[in-house]
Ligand SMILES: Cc1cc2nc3c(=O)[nH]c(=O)nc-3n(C[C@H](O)[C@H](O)[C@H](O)COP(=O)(O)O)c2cc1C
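Form predicted alone, single chain, as structure tokens, below.
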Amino acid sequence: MNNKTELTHLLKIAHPIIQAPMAGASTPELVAAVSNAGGLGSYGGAATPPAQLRQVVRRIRALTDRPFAVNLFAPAVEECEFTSQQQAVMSEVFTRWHNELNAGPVPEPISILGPFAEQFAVLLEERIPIFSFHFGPAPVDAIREMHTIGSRVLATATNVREAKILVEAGVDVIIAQGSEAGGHRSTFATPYDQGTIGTASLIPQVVDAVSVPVVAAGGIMDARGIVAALALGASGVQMGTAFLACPENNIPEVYRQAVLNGQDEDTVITEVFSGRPARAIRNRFVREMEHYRDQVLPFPAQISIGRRLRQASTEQSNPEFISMWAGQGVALAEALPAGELIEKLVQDCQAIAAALQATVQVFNPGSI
């Protein structure tokens, strides 16, 4: 397999593999390990306070001299509106589980994201090489400012319409997120259920619709998925769930074991953890909260009100109340250090490409 694509040239990386940002799971060590191995490591900074974000960027730079990305959520999602009555209802729902886990009183929702403007100012000052964002609409001024310092900008789309909007806003690379992907759906221009297109169907349509490199995301766990994505026209892949079993990330051990023991039917797209649709491993919280799905607080208040319950569940090594984001390919996860995982993916891709060279001979006119 030729590792050089339009994406690798644009981002100055050796292999067309991006580690998904994964806010809350990514660490400087994970980012650096991926970048040092020739991929693109990405840090999910949406919930990282500005001063701490600066320290993270500097720590990444101390660990690698290769390109890396930092991801933020678009500023439109930082604030939400809900009534005291809505909060009281959800607080009452949570109280039973809090009592069961001795988690104390249900907390008030607080701001847990951003502020985007201050976070972004840090990234500009630190002159990060690559900036990515999730949950458009696109912050057009931010894109322009990144371009003025020579940085590249990546953004996620879940359908062709969103991809076109992002390209018009100046984005350099589109990450086309199929419905198989773990974590939050990035749909922003349409109702979310209009953005549940599978990766194999989405990639060629987005490739045909835009003039920038397209990265495939969703359900890609190994070399077979990478080669398939490239065959569909993608210039690279973004992988998140595949890196959840790596020791360099920041997830609790109980979450890591759930990933390693995951099966093909274990994940579900649900709004109950955060107030926005996201794919996670199904657990007791998902099952019981589905009865109250119409009363879930808007994003990100729902994440905030559940923070103490998740913490208590984690401390007790209880997977039933943790938001364990994962994609449909979770059963293919391998417990490897990130650098070794990248190396294995590249070697396996080369072996598959060589095998395919022999296979495609059956399509030659004289081969039958």
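A quick note: this is a predicted structure, and the numbers were derived from the prediction, not measured. Numbering starts at 1 and runs along the sequence shown.
Note that the form predicted together with this ligand isn't included here; everything after this is about it.
Should M22 be counted as a contact of this ligand in the predicted bound form, where contact means heavy atoms within 4.5 Å?
Contact check for M22: yes, within 4.5 Å of this ligand in the predicted bound form.
Looking at the partner-bound form in the predicted bound form, is G41 within 4.5 Å of this ligand by any heavy atom?
Judged by the heavy-atom cut-off of 4.5 Å, G41 is well away from this ligand in the predicted bound form.
Using 4.5 Å between non-hydrogen atoms, is Y255 touching this ligand in the predicted bound form?
Yes.
Residue-level question: is A181 within 4.5 Å of this ligand in the predicted bound form, judged on heavy atoms?
Because a heavy atom of A181 falls inside 4.5 Å of this ligand in the predicted bound form, the answer is yes.
Residues in which of 233 to 241, 115 to 123, 137 to 145, 78 to 86 have heavy atoms within 4.5 Å of this ligand in the predicted bound form?
The contacting stretch is 233 to 241.
Site check T5, F68 and P213: each within 4.5 Å of this ligand in the predicted bound form by heavy atom
Result no, not one residue of the spot touches this ligand.
F273, F131, F188, F73: which sits within 4.5 Å of this ligand in the predicted bound form by any heavy atom?
Only one listed residue qualifies here, and that residue is F73.
What are the residues of 214 to 230, in order along the chain, with a heavy atom within 4.5 Å of this ligand in the predicted bound form?
The stretch touches the partner through A217, G218, G219, I220.
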